[in-house]
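Take a look at this one chain, the form predicted on its own, written out in structure tokens.
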């Protein structure tokens, strides 16, 4: 950016990018394929991670209050368009899919793919003043991708964020992070990267108008470039193991008034009485 661009952010030029991930819907039953190498997705619903829902909401709020545009990006298979269109139905302006073949991609390759896509998007339309990630994904919980992208782009990052304020004149981002007994407050020059935690805000629901518009939205696609070996790309998954199911037994205490003594005894045993 030039010195003139860094002196302030014109509201109409504010650009926010949100990176999301397609993950199994919270609470869904996870089954594995017979070889134990991957998740069986035949009857599985998908969503974006809860932290990322708050990141999407933050991007929409910032651009509604200050102007500009918000873009959502994901690395994943063609089916990940479902999550991109959902974000558009909420109020995101543009959507980008870095298309993969559906196979699991490790954090190093994911971060490189996002970094390359960001570079291409910024070369075409100008810099993103703020890039938002969920603090961690709901499936792997690696806490890595946002940090790796920020380091690769040479931008400051703070994670576990529970508050965001944008100063257009500075330009700067004030980010708040909860700690025991108080808050940590960071002031970052733009462009910056933040890892957002669930609870930052209350994500909205899509309107019917938004859902209809999202069906017609254009999805910009990128192909991830060739992976550069870094000593970590050779890691191999040996397999997935499903934790043992916890058995639960239901004991009927009785029916009608006859069950009252058994209920009283149980409450006494639990220390309630």
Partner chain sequence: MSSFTEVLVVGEHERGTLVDATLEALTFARSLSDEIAVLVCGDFDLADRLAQFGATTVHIADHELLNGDFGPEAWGETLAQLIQTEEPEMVLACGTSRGNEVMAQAAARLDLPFVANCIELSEAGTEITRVQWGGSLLEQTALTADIKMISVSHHAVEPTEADAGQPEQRSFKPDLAEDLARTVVQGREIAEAGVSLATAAVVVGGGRGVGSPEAFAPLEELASLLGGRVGCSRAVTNNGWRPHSDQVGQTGTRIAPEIYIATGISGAIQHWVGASAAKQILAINTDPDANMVVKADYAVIGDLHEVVPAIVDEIRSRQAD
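Numbering follows the first chain given and starts at 1. C-alpha atoms forming the largest set that superposes within 1.5 Å between two forms make up the rigid core. As the structure is a computational prediction, the values presented were derived from the model and not from experiment.
One more form of this protein should be noted, the form predicted in complex with the partner chain, which is absent from this view; the next part is about it.
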Q) Quick one: which of 131 to 139, 114 to 122, 93 to 101, 77 to 85 gets within 4.5 Å of the partner chain in the model of the complex, going by heavy atoms? A) 131 to 139
Q.
Whether residue 198 contacts the partner chain in the model of the complex should be assessed with a 4.5 Å heavy atom distance threshold; does it?
A. yes
Q) Taking the shortest heavy atom distance, is residue 163 within 4.5 Å of the partner chain in the model of the complex? A) no
Q) Even though the partner chain is not shown here, does residue 57 get within 4.5 Å of it in the model of the complex, heavy atoms only? A) no
Q) Are any of the heavy atoms in residue 105 no more than 4.5 Å from a heavy atom of the partner chain in the model of the complex? A) no
Q. Which residues within 133 to 170 place at least one heavy atom within 4.5 Å of the partner chain in the model of the complex?
A. 138, 139, 140, 141, 142, 143, 144, 147, 148, 151, 154, 155, 156, 157, 158, 159, 160, 162
**Q.** Core-superposed C-alpha of residue 40 shifting 2 Å or more between the shown form and the other one
**A.** yes
**Q.** Core-aligned CA displacement of residue 64 at least 2 Å between the shown form and the other one
**A.** no
(Q) At a 2 Å cut-off on C-alpha positions, does residue 216 qualify as shifted between the shown form and the other one after fitting the rigid core? (A) no
